[in-house]
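Just one chain follows, in the form predicted alone, and it is written as structure tokens.
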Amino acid sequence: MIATMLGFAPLARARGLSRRSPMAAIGVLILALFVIAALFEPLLTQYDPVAADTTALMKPPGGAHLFGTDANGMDVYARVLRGTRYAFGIAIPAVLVAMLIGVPVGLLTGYLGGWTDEVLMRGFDAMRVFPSIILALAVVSAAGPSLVNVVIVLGVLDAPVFARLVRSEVLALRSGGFVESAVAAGNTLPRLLFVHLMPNALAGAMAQSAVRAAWAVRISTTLAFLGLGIQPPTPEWGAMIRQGAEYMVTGQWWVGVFPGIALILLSLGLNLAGDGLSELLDPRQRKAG
């Protein structure tokens, strides 16, 4: 109780998490660092990430510019920090869009079965047949390379993953006693799905949300690298890596390497957190603990 009053309870939970799932603890630590970078970016650098300086073109790392500068004289460190906001600003909404589409479909198909299941899930299967990056390239090319379009496209493309996860949970739950009791009590179909089934069927989807956020970050970065995502001079990691690739052969490696490292670390953090969360939410792991 005293530890709680002194504010040590979060530390105790962190120690408990590190013991139960070291992977999740490492992933959460990495994500926490990126969240700090995104929230406090103006306090962590003195440079404007989109302000060009013709007197500081292609400066190597060190001195006043920790990560060096690019061909426009923009500070790479400031741009990498600002790019964290865009990474989260794409990944989190994309996962939310995917869940808003996939979870209701998974609930409906898993509970009703029959032709509803066949039609909706076969449609989702058709989406998964094609490589995601090819579909994303085609749709973003047609709709235009804006942040909103990228988020919507990634969310729609990832919806089948959440639909299948929720559907598999509902298939196991729909014959349970609490569902039969809810039906006997006269609950409507929407209430049955969203009040009784959804809270019990979301564990798998929630565990996969961090992993799918990592996928969204990678795909959005790939789109920007190919010139179809967020456009320069916006400090998006994929666009920065594309710009840096042009100078890699001439020895100016820092323009593309630092955003590339940031991309790898954020993807690693999201994947570790997702894998650890899957372990923590696994009933067999909870029994073993």
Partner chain sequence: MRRLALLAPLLLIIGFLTFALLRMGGQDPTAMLAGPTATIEEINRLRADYGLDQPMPVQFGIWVGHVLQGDLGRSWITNRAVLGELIDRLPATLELLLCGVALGALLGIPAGMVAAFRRGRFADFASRALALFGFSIPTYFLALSMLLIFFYVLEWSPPGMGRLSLMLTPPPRLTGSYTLDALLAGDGAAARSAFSQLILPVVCVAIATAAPVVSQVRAIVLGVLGTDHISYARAQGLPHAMISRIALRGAATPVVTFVGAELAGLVGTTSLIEYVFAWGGVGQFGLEAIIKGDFAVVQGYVLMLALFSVAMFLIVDLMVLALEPRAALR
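Residue numbers count along the first chain shown, from 1. Note that the structure is a prediction, hence the values are computed from the model and not measured.
One more form of this protein, predicted together with the partner chain, exists but is not displayed; see below.
Next item on the list: Please name which of the stretches 215-223, 72-80, 183-191, 93-101 has residues with heavy atoms lying within 4.5 Å of the partner chain in the predicted complex.
Entry: So the stretch in question is 215-223.
Notebook entry, point to check: Among the candidate residues I133, A203, I152, L112, which is the single one with a non-hydrogen atom no more than 4.5 Å from the partner chain in the predicted complex?
Noted result: In short, I133.
Margin query: Looking at A51, A64, A245, A32 here, can you tell me which has any non-hydrogen atom within 4.5 angstroms of the partner chain in the predicted complex?
Written below: Comparing distances to the partner chain in the predicted complex, the residue within 4.5 Å is A245.
Margin query: So, a 4.5 angstroms cut-off on heavy atom distances: do all three of M121, S168 and G274 pass it with respect to the partner chain in the predicted complex?
Written below: Checking in the predicted complex: none of M121, S168 and G274 is within 4.5 Å of the partner chain.
Note to self: So in the predicted complex, is the partner chain close enough to G238 to count as touching (4.5 Å, heavy atoms)?
What the structure shows: G238: contacts the partner chain in the predicted complex.
Next item on the list: Report whether the minimum heavy atom distance between S175 and the partner chain in the predicted complex is within 4.5 Å.
Entry: Result no; S175 lies far from the partner chain in the predicted complex.
Check: Does the partner chain come within 4.5 Å of any heavy atom of S141 in the predicted complex?
Finding: Heavy-atom contact with the partner chain at 4.5 Å: present for S141.
Notebook entry, point to check: Is there any non-hydrogen atom of P233 lying within 4.5 Å of the partner chain in the predicted complex?
Noted result: Contact with the partner chain, no.
Item checked: Residues in 248-272 close to the partner chain in the predicted complex, defined by a heavy atom within 4.5 Å, in order -> Going through 248-272 in order - heavy atoms within 4.5 Å of the partner chain in the predicted complex - the hits are M248, V249, T250, G251, W253, G256, V257, G260, I261, L263, I264, S267, L268, N271, L272.
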